[in-house]
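Take a look at the structure tokens below, where one protein chain is shown in two forms, each on its own, as structure 1 and structure 2.
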Structure 1
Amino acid sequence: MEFLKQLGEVAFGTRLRLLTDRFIQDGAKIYQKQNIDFEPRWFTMFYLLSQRSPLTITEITAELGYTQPAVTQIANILVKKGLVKVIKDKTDTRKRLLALSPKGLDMISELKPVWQGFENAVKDLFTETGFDMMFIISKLENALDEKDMYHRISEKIKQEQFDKIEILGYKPEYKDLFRDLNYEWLNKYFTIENEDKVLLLNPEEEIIAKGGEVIFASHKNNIVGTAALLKYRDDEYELAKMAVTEKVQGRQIGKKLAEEIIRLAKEKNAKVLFLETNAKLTAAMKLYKKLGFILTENHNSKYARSTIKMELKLN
């Protein structure tokens, strides 16, 4: 247990589970000591049915926040124990309604003193801690309703990945990487067109010399992505030739490249940054939308694969 304490927040869920296990184990001992054939895990459903019944499995699931399989499992145990009975709905015979049986109703008088003991003991425990634990739990539940742990953890991982990516400027020795990274995705999804070859084989003459930029993303000291800023006119630029090698996709590299291109466009006093893409590139489309790009009217593209044009208005 001391090791878990040393782990701090990373073991928070594990320590909560262990606390829950301790409550359940001690609760089970109390029922045994009182010679009551009852288990702590049945309490919430049993108590709900003592207050409101009959109820369907779906209604119980909604009230308790359990999964339907968990509710069904406990319901089957309570029915087998004879504490709950199944009632057929008069209007729909397929519907399974649950209610306390006569045996279950009789047991309430035995259970109430035990439940009161639980409640009083928990209150005393919380008083010893010096905190209003029920208030804290409610705050935690409300916060998780707003954003669950899956999304909270995912955001932290993405930010850490994002921060580790290094953006590099163009160097002549990177010329072949600019071509190869783009050829990889073009060959996978489309075909390499003449316009692609013009830019990818001659980035210095066709992009940089004309007022554009070519950048690269380094991940663990390996160049794994690239993107270009093409000058269209004085106040309008294009985000183009963005590519991330497949083995490291999903690690925020595309986002980092796109954000750097946006920064460079602003630095050049661009008012509009546009891009062309294809609807089948769903991950790219999602990224562009998150960055503020919006769909524009149909256009005559120089690429056969281009089906969508998007724009970002810059300050």
Structure 2
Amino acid sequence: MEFLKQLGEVAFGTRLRLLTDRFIQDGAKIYQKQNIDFEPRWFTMFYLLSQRSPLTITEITAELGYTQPAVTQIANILVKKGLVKVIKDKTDTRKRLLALSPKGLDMISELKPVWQGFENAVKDLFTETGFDMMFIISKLENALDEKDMYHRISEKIKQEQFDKIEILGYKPEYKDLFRDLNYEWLNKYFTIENEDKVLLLNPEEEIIAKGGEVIFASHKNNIVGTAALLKYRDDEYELAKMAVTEKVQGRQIGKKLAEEIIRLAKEKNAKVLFLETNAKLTAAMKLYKKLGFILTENHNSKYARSTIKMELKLN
């Protein structure tokens, strides 16, 4: 067990399981020792029926946190043991109404001391350790009700991946990647126009020399995305040629690239950053809106594919 303790939070689930086992298995031993033909897993259902009855399988399922087949199984065992009786519902013949049988009712007085003993032992354990575990477990349940582990972990992984993306400045050896990454999406959704070729084949002359920038996103030492900042006028720049290779899409790489382009535009004292896109690129549109770009009046574009123009005011 030393190893599990060293592991810390990653092994929390495992340790929780081991703790649960210790609680439940010891419960079984107690009934055996007291010579009572009863098992821990029957408890919640049996107790529920002692408090409120008759109840249908479905009603019991709603209370106990088990699945319906589990409730059916336990109910069948209790019926077989003669502790629970079944009454057919008259108005709805599908329903089985369950209630404690006379034998079951008799058993309560035998069981009560065990339950009381268990309760007292658990209370003592909590006093001994100095924690109000009932409160703590409720808190954990509520937190998981609000957001389950799946979503918590997913978010964390996304965050990690986002943090791991590095933004790099232009280097001559990336020149071909700038072209290839853009050709990938242009070929997929549209066609490559002449205006594209001018920029994509000559980024050094056509973009950087004219006061713009070309940046890249690196993930695990691979260049997986790119974007360009084009100078249009002294205080007006364009975000263009943004591309993320398909297999790493959905990891916020586009966001990171766009944020860097905005930062660079501000650095150059741009007042306006605009972009052109097509309405069918919904994921891109969503990102631009999130970053604060708003639609502007229609425009004349160099590109056939361009249907939408958006801009972001910088100050």
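Each residue is numbered by where it sits in the sequence of structure 1, with counting from 1. Predicted, not measured: the structure shown is a model, and the values here were computed from it.
It is structure 1 that shows the chain in the form predicted alone. Each of 115, 159, 50, 180 except one sits more than 12 positions from any hinge; the exception, lying at the hinge between rigid parts between the two structures, is 159. With both rigid parts superposed separately on C-alpha atoms, the smaller turns by 18° against the larger between the two structures.
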